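We begin with a single chain expressed as structure tokens, specifically the form predicted on its own.
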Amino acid sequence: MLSEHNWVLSVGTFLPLVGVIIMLFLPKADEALTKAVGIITAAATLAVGVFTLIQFDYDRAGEMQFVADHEWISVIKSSYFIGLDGISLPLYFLSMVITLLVMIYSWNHVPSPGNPKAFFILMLILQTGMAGTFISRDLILFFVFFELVLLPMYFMIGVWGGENRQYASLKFFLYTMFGSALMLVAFLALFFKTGAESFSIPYLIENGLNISRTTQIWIFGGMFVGFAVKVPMFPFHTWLPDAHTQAPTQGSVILAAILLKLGTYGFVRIAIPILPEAAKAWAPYIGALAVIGIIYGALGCLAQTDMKRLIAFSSVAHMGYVMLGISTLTSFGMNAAMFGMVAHGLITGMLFFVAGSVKERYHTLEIKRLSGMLLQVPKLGWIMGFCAMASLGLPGLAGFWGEFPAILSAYQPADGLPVEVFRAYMVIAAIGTVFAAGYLLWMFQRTAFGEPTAEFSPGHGHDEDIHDVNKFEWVAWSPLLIAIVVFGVYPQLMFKVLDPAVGVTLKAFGG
């Protein structure tokens, strides 16, 4: 079973590029054809993803499946080594789902300046980078995919973004490049310290234990910066609100749903299993930054006047819960963190979709100018309320299973970690949930309740664009809304896939 279908991951990852090549030959003027090719490519990629889900052996979720290992750059001993286990499966599949839904949404929402051809091509390249990152089992391959994601996102923000798009895209690019440079140095240090034999992750996990503790701590530091910028953890988070606020809706959704997970995934897949000693030394500090991020993100939300910026700051807080779970180094915390990544992807992706549709109708996202959405666009208003409830961690919706177990896991961190310190983190994180309820309900109350403001009330000239949810939005949103409920009611669906793989990852900690 494990060796069969070793073509399936390569096809799932590189199929979008086939769509890109076809699109290059299409006339720019034929917008409908371009969009159709983009959506068909994304749908075909998702079909490969569904096939992968069906063929995956869930009884052996802790093992790598569909493994392909071929020579690639023999000069630097890097190979094309890919595989999928219970940790990467949910994220790999989510990246395909989100790409398709974003494309369907884009059918009648291509941001100006037009040119859907370039826009759809960038989304497909982005999909290849995201999927590739989650299946890479070789550090150089991982690095290539990790960086591939950077360029399409830079152009998406820089070309189709808001007024300050150049500033935001440059800031996004420079921050991420800075983090990646340190991460690459850490990868090279690992390579040489383990005998310069291979960049393969299983090989490094086996031989990483032989590196002295001090060296481990320094190497982990390099990776920490690279991944923390991507997460983004406090204090490396300042690029995120700007990038989100200026990005087009599609860019924001992909950024929130998938790209932020590349950082947390890097911790779980690479930094922690390869350098267990350093992970223990760093864990209390990672936990500290995580809870600072939770409180800081929440306070940042309360200060925002722009709906999209508020959702962006909420991402800083939510990713704080994920990092808190990871920092406990327990399988309980790690499971919560992995679940939290997927839940955050579904919920925050959905919130950005809603924000984009509000912007399109009202031409503003200023909270004080919006009011009475439940009267004017009731369906959109209710969907926003539902997503706000999910985001604040209401039991019965997916957000709860990412936050609650992550907070709980801090009560009993892995052996060798300071228990009192982590229990203090637990209390702070729990207080953060109260703030989350505060800023989300406050945003919902001000935009959805009450009467529409004078400038948007009927007969004032501004109401011709205001209409309720259209069919493209329903098609793009329904799967996310259903998934939020399904994983909220039956979280075991995901936990049973994650748990065996998390156990393997935490072997060094008696996981």
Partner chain sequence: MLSTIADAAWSAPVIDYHALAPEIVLGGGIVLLLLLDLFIADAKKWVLTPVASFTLLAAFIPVLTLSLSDGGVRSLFDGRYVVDDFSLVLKGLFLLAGYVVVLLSADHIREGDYYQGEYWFLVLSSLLGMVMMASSRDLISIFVSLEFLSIPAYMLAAWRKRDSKSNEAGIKYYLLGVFASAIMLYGMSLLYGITNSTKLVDIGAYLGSDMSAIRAVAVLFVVIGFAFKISAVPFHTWAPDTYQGAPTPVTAFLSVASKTAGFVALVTVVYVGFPGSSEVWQPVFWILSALTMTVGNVMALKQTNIVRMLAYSSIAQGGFILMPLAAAGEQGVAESALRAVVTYLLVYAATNLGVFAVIMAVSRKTRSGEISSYGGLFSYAPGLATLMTLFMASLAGIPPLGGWFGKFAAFQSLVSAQNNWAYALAIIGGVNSVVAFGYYGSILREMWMRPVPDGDSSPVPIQSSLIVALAITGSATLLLGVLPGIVIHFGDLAGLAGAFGG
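For clarity, every value in this text was computed on a predicted model and none was experimentally measured. Positions refer to the first chain, counted from 1.
Keep in mind the form predicted together with the partner chain is missing from the figure; the text below concerns it.
Shown here without its partner, the chain carries 359, 472 and 490, none of which come within 4.5 Å of the partner chain in the predicted complex through any heavy atom. Among heavy atoms of residue 428, none comes within 4.5 Å of the partner chain in the predicted complex.
In the predicted complex, residue 369 stays away from the partner chain, with no heavy atom inside 4.5 Å.
By the criterion of a heavy atom within 4.5 Å, residue 353 is excluded from the residues contacting the partner chain in the predicted complex. In the predicted complex, the partner chain stays beyond 4.5 Å of every heavy atom belonging to residue 227. Only one of the listed residues (209, 73, 302, 434) places a non-hydrogen atom within 4.5 angstroms of the partner chain in the predicted complex, and that residue is 73. Exactly one listed residue, out of 165, 137, 309, 280, brings a non-hydrogen atom to within 4.5 Å of the partner chain in the predicted complex: 165. Heavy atoms within 4.5 Å of the partner chain in the predicted complex are found in one stretch of 239 to 247, 322 to 330, 73 to 81, 339 to 347, which is 73 to 81.
Shown without its partner, the chain has 154, 155, 158, 159, 165, 166, 169, 170, 173, 174, 177, 178, 181, 184, 188, 191 in segment 153 to 191 as residues with a non-hydrogen atom within 4.5 angstroms of the partner chain in the predicted complex.
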